[in-house]
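In the block that follows, a single chain appears as structure tokens, in the form predicted alone.
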Amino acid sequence: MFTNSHQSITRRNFDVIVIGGGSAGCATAYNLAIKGANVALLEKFDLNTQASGRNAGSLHGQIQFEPFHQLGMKWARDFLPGLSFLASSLEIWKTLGEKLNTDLEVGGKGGLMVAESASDMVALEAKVKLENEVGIASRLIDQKELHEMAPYISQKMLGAAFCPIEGKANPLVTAPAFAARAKEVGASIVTGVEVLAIEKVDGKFKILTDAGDFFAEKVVLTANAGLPKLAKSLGLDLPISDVPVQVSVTEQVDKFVNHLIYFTTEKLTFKQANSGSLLIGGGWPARYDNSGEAVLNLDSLQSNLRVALKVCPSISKIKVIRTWIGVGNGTPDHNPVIGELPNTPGAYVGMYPYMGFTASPLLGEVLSDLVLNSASKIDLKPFALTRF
């Protein structure tokens, strides 16, 4: 294990402290460390145990159909900066495994958002045109081409939007790989430390934790569900939602799914891991038990599998072996929040809603640039923390 527990950490003063040990936080610590910053990462639990490690590993590069259908064209246009962010991050994913000296299992032949109604095909056509406006080479394909590309898809489906930049990666290895490389170049990665509050004292940040105080010239908040509490201690209200969702995995079968599959009519993501297991999700909600713990929602499981069978009937004999609870963190407009906190120079926030795993490599680069250079190669105005 390459992380330190709070009992073994001796240094307490750093140039930068990153709070949150998911993919975004570990990517930020890595990018800061390789640029020479004296950086520490603090995580309440173990690394990668919350949203980053509990997603199904989809690499997204198209506008999701549910908000497009519900919120309309104006929302979709306002989301285009966030979509461009994903596309730029997907470019980084292509060579990220080599950079981190880890097989991240990046692969796939694009994404297929399939439709069974003529009205949804019309909506997909409009969605594709928007994606094309920001340089994403999505296109509409008809029923014949769909079944040539993905013969396992139900013959009832009329066609699909094909997004060639989408794929998958292994979420269990990505954040730890960032953290391992960060530690190799001098970063301190500290787990089992809960941040209770943040104060600015004499121009420095004092990080109050259950393991004592840490100090830094600058602080970066990447803790997703923990962001509202941390930002509030610095005077900013952030409307970030936190919803438990479910993902199911099947027994291992011969490889036959080469695309990331979605469905326009109901929630679905569907793909096949390198191991041969099918990963079936799409944002179906878990439930809370009497103690407030997120647990399996049987109704959601049944509905999710029903939709998967509707889109791909041939999987009916494949056994589901487990279902796990993931974390869905969102913002009201689906765009990320990235930037320096107003009225608190030196404090930064970085969070990409719902599809943060895809965005994490670029988010780590952008946050490190903000911290070290007070500038970003990405236009961050659409992601301003004060827009809500």
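When you see a residue number, it is the position in the sequence shown, counting from 1. Just so it is clear, the model here is predicted, and its values are computed rather than measured.
Absent from the display: the form predicted in complex with a small molecule. The rest refers to it.
Of the heavy atoms in residue 336, none are within 4.5 Å of the small molecule in the model of the complex. In the model of the complex, at least one heavy atom of residue 42 sits within 4.5 Å of a heavy atom of the small molecule. Residue 285 falls outside the set of residues with a heavy atom inside 4.5 Å of the small molecule in the model of the complex. The closest heavy atom approach of residue 354 to the small molecule in the model of the complex falls within 4.5 Å. This chain appears without its partner; in the model of the complex, the one residue of 224, 188, 138, 89 with a heavy atom within 4.5 Å of the small molecule is 224. Of the residues given (327, 349, 37, 362), 327 alone sits with a heavy atom within 4.5 Å of the small molecule in the model of the complex. Proximity to the small molecule in the model of the complex holds for all of 23, 57 and 247, with the criterion being a heavy atom within 4.5 Å.
Residue heavy atoms within 4.5 Å of the small molecule in the model of the complex occur in exactly one stretch of 340-348, 64-72, 354-362, 315-323, and that stretch is 354-362.
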